[in-house]
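In the form predicted on its own, a lone chain appears below as C-alpha cells.
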Amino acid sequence: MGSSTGRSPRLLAIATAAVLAVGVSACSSSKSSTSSGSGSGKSGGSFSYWSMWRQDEPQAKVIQAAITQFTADTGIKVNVEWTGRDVAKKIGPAMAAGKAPDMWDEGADVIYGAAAQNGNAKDLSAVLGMTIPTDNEKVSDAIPSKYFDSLPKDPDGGQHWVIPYEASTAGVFYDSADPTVSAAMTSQPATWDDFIKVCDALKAKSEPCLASEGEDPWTNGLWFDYLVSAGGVNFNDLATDKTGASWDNPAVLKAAQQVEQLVKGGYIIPTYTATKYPAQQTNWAGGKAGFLMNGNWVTAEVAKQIPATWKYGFMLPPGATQPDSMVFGFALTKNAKNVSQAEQFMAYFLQKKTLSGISTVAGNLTPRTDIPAPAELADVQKTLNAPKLRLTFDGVAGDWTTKVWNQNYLDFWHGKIDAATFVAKMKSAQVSFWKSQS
C-alpha cells in the first residue's frame, strides 16, 4: 500500500516558519466544539479535507463511507480530495499560499514535521471532550492517552494536534508455519546471540534470514533504532547532540556491530542492495526469507501474495522492551475556517461501528482497544498494549535525516563501511550538520 510514514522514506525535511498562536476561536469563523457530540440534528455547513489516501485504497473506502453517512446524519458536506501521499509535500505550500483545506490526515510524524512543529496545526484538545455519537463515551475515554503522551510537543507545549484513527508499530514479521523457521526457532529468541543462531540455522538450510529493501534507510534503520533503544540510548537525543559525543557511547557501537552481523553474516537475501520496494517484500511473502522488519501495515500489503498456510508471527528485536508507535490521524491547518464541522467529523469517525472498518476492511489497527485486530495482527495489538509507547526513531525529524542519516546508513547497510567507520562518519557528519544550522 505504501502509505506515508515508513512506507516510503519519510521524516520530512522541515521548512521553518513563524510560530503562530493556535487557538480555535481566534483563527476560525466557527467556534470549536466543546463537550457536545455530533450527529444530534442536522447543523449543516461544510469543510474541506485532503486525505493521504488514494481513492482506491481501503482506508479511503472506509472514510468515504463515513463521510456519506456523516453528511446524511448531520447535513454537513465534506469536500474531500483523495490527495494520496503527495499531501505531505503539498500541505506546507498550500498553507503558505492560503489555499490549504480545513482538515487533512497523515502520519503523526508528517503532521508534526509539516505543521505542528512550527505552530501551524490547531490544538484539538476540544475534540477530546466531545462525545462519540452512538457510543456515549468521550473521545478521551476511547483513545488511550499514551498515544498522545508519546508525541512531541508543539511550540505551545501541546500534544493534541492530531486525533488518531489508525495505530501501528514496527517489528519483525515471520511465518510461524514455515517449517524451516519453526525448526530453527522453537521459541522467540531472548537474546541477540539467540537470534543470530536462528539466522545461522536458516542459513544452513539455504534460507536467508532476512529480506530487505536495500534502498530504504527507514525500514532497514529500524534494526539500529531498536538495538540502540535496547542499549538505553534515545535515538532523538543521539541525533540532536550537536557535539556528536553521544556517538562515543559504547552502546551505540554495540548496536552498530549487531547490525553489522546481519550485513556481513550473509543473512540477507543476496542482491538486496540492488533492488527496490516491494521486490524483497514480495520475496519474503513468497517464502524466500525468514524475517522482515517493517511496520505492521505490511500484512495488508502482502495479503494477496501469501499462501493460505501462512501464519503470522511477530516480535521485537531481542533486547528491545518498548514498542515504537506510529499513529495516523486527522489534523486542522492553521487557518482552518470550518473548525466545528471538521471536529464533529473527527468524533463521528471514531464510533466503534465506523472505525472498525480500519480493521475489517483495511486490515490495520485502530487506537481503540475495544476494536479487535485483524487475526494476522493479534500479536501486534498485544505489543501495543504496553503501558508506554515511544515514537519510531524516538521522533527524529527534519533535515538531519536526509543530510546525516540516510546515505551513511545505507552505505553501512550495504556493507561499504564497517560498524566503527559508520559511527565515526555519523559523528563527523552530525557535527558538521549542526554547525550549518547555527
Partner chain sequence: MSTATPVTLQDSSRTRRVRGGSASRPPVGAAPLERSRRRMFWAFTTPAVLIYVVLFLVPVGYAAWTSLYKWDGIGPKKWRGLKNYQTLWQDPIFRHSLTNTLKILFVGGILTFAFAFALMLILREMNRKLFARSVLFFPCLVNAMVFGIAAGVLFSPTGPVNKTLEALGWSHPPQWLATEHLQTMILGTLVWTATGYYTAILMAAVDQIPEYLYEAAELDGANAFQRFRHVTLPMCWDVISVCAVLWTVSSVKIFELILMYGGSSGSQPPSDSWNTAMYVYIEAFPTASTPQLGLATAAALVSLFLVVVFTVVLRRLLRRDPIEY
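None of these values were measured; they are calculated from a predicted model. Residue numbers count along the first chain shown, from 1.
One more form of this protein, predicted in complex with the partner chain, exists but is not displayed; see below.
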Which one of N234, T275, T240, S176 is close to the partner chain in the predicted complex, taking close to mean a heavy atom within 4.5 Å?
-> T275
Given that the partner chain is left out here, which of E166, E215, D135, D154 has a heavy atom within 4.5 Å of it in the predicted complex?
-> E215
Interface segment, criterion being heavy atoms within 4.5 Å of the partner chain in the predicted complex, picked from 383 to 391, 365 to 373, 50 to 58, 406 to 414 = 406 to 414
P144, H160 and T360: each with a heavy atom within 4.5 Å of the partner chain in the predicted complex?
-> no
4.5 Å heavy atom contact, P93 and the partner chain in the predicted complex | yes
Quick one: does K89 come within 4.5 Å of the partner chain in the predicted complex, counting heavy atoms only?
-> yes
Could you tell me if T402 has a non-hydrogen atom within 4.5 Å of the partner chain in the predicted complex?
-> yes
Distance check, N294 to the partner chain in the predicted complex, heavy atom within 4.5 Å | no
Sequence-ordered list of residues in 102 to 123 near the partner chain in the predicted complex, where near means a heavy atom within 4.5 Å = D109, V110, G113, A114, Q117, N118, N120
